[in-house]
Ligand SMILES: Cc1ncc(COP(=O)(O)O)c(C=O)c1O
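A lone chain, given as structure tokens: the form predicted on its own.
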């Protein structure tokens, strides 16, 4: 099948016409990763075999685990390769439920990814008691609620490190101290944080953490679960006993190799994200100064350097998204995993915003190869589109 010119423009190249501002949904594969795929594809052996065809795949597995462990400040054998962030979340939460003995109470933030919230909803059908930690309209957790609800019956507290829609970073160190004071464990969905902010899991006090390769310019199909030694564990997938019998199934070596390569670029991460943050901050200042009735969620909070969540009054988010898409600009109105739903963002609703406010939301998430000219074009287009939508709405009223 031939690839059309339009499809070709979807590649990771800032000189092409497509402007991609939805990196929290997924990141494009880094061009250097694309170049290396033919080489890695030659290492097709099963890493569980003992003959020479398995040696290179086994080496890729070992070296990626080692370099990722160094990045996260943990031991390599505390990392388990999975199929993605959703599997990692499910494994951590369900495993704790099956191994938590007499503890049957769980605390989970109300703005988690669906793979966390829906897993806890499932556990409730099995008898688990779940309390949801509220957040205010800036995305800040109610720590007093945690202090009030947590007890020696609590098995786990689950809070994401950084929210995928607002970018607001959670006070995980404080939450971990509260949890550990009563003997509870801490799980964190760290999917959005990898490659954007420094992560040292031991310093944060996290016992289990979930990651996904495709949020860090790598191939889809690989996730990682950090599972601290000594923490109760129950494997979710049984079979051949891979990953030290913690996750059966032949490892996705091609995707794991791409993740390992991106982790090897860790010394560039800070510099690139400073550039991204400067672009994001300049973009927000221009939006506020040039478009009326705009609010930025979490503006005064510690946020991911690439994320901006906006309310643009008088403009439907889906209408805005489609108009921008026609101009070659890719944005989001919320979490990509909730696409197709007719309901506005559950995260924004959980933060106390009205349905109407949530429907006027726009999420912008920048990446490493976005540049000033792209942001300038986006801003010019956004101003025109918002003005047109508002003028049409006024005429119809």
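Numbering follows the first chain given and starts at 1. All of these numbers come straight from a predicted model, not from anything done at the bench.
Just so you know, the form predicted together with this ligand exists too; it's not on screen, but the next bit is about it.
- The partner is absent here; in the model of the complex, the one residue of 218, 192, 309, 158 having a heavy atom within 4.5 Å of this ligand is 192.
- Here is the short version: of 258, 91, 166, 212, the single residue with a heavy atom within 4.5 Å of this ligand in the model of the complex is 212.
- Comparing 291-299, 234-242, 318-326, 82-90 against this ligand in the model of the complex, the single stretch with non-hydrogen atoms within 4.5 angstroms of it is 82-90.
- Interface residue remark: residue 247 is not counted as part of the site for this ligand in the model of the complex, having no heavy atom within 4.5 Å.
- Interface membership of residue 252, defined by any non-hydrogen atom within 4.5 Å of this ligand in the model of the complex, is ruled out.
- Proximity of residue 115 to this ligand in the model of the complex: non-hydrogen atoms within 4.5 Å are present.
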